[in-house]
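Encoded as structure tokens, the following chain is the form predicted alone, with no partner shown.
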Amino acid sequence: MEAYIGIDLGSTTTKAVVLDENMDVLGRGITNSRANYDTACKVAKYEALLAARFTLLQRGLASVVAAEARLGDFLGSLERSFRLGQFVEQLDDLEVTCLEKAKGGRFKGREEAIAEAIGAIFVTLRADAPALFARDARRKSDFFRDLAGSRFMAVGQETAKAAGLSYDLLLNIYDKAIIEVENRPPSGEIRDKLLRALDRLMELSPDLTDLVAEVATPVRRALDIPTEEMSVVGTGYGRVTLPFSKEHIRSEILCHGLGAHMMYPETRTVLDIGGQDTKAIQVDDKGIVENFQMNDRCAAGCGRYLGYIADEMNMGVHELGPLAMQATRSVRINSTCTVFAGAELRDRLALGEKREDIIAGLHRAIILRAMSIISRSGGVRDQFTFTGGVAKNEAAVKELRQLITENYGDVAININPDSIYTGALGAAAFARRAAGH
């Protein structure tokens, strides 16, 4: 299988897309960008190649498993088994790293007690791990740091007390170790890990025992299909850090324009609101950029701004949109400057304004700023495509639809569930072109 890979190294998240020789999307991967762009690049690529393997599995098993629902159940169970194995591997790495951090220095005389406490914590974490990946499990996050950290803190206090140690001491060791562990990209062959996940599957999902036996041979056959990485192209906020030659780096503008065209061939205007910038792009009928405008100087009105507001409100970013949708009015916000956002937010609350009305006003201010950038790029031409992480925010989408209708009339607005991958998709298409296709 030929694989053409695009990587969009954003300020908040890093995305990767794998295309095959027919320009079909085989897999997508996403991870936090962290401070280590090199690791983020490798993790996103790994996740995309893993998703590509599942696409090949689905294709290979479609003729074997007649019931689509049963096939979906099998593939979902196999992925959970894979994630469990990956999680336990990282737990092992984290334990070893914690033990290394607890040696010598200020820990002299307490090393044995600390080692025993750390060992006891990780015995519990491993025992709890299968429940995190059960069929009906609800996880607040899929990132290892979040999952391991919440369980470490839950178990660590009682363990520290029983061992006569300071909980803060154990937490300090964990904090130092997790930084190293999360910045180590996954190792090992995806094929081998999937085979181990298949062997483990009957333990996790005994109701699938007969199906596992039925598909074992075609699964191995599908996993034996070699993946040949023909070309990789990088783009995004951190693209200059990628270890690629200049020929394998493309601007965000070009990649988002082409990616939006691939999703919606009739697209003529593209708006991308990312973590650090907002881009308005005009493209022709081939996805070639004709004009563009970006926000200048700072990240005002971008994803980072919403993240700052969420922190001020002690909420998750994903909670802002639903809260704004509960508003009965939109409070006028004078500035979308991140520096002054907290002060204005507190002032509005002190004046008795409702949280949901303030957040609705913040969303409107962000989209008004985006509309100004669109206007400078040439306005909205049918069709219009909204991309980037903010495209998943229902309150932002609501304001955008309203303002576009008010200013440009009845325009088709495209918002794809996978719009956050638009830049990586365009980069993958450039990777295919770089390989001579």
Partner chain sequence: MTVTAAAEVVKDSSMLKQKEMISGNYRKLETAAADGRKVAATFVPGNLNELIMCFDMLNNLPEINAIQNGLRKKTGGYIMEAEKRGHSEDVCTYVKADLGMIAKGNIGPDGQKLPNPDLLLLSYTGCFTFMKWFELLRDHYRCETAMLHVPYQGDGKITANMIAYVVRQLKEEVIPKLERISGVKFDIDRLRENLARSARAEEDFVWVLESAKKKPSPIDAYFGGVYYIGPIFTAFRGTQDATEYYRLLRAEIAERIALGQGPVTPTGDMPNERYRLVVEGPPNWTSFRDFWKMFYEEGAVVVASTYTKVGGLYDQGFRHDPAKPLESLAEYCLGCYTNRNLPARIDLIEKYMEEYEADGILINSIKSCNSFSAGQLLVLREIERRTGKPGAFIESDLVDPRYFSPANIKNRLESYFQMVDQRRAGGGSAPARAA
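These numbers come from a predicted model, not from an experiment. Numbering follows the first chain given and starts at 1.
There is another form of the same protein, the form predicted together with the partner chain; it is not shown, and what comes next is about it.
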{"item": "Exercise: Ala216 in contact with the partner chain in the model of the complex, heavy atom 4.5 Å", "value": "no"}
{"item": "Partner contact for Arg53 in the model of the complex: the partner chain, 4.5 angstroms, heavy atom", "value": "no"}
{"item": "Partner contact for Glu252 in the model of the complex: the partner chain, 4.5 angstroms, heavy atom", "value": "yes"}
{"item": "In the model of the complex, Arg59 touching the partner chain (heavy atom, 4.5 Å)", "value": "no"}
{"item": "4.5 Å heavy atom contact with the partner chain in the model of the complex for all of Leu9, Thr39 and Arg221", "value": "no"}
{"item": "Options 187 to 195, 142 to 150, 174 to 182, 255 to 263; stretch whose heavy atom lies within 4.5 Å of the partner chain in the model of the complex", "value": "255 to 263"}
{"item": "One residue of Gly156, Gly287, Gly275, Gly321 in contact with the partner chain, assessed in the model of the complex (non-hydrogen atom, 4.5 angstroms)", "value": "Gly287"}
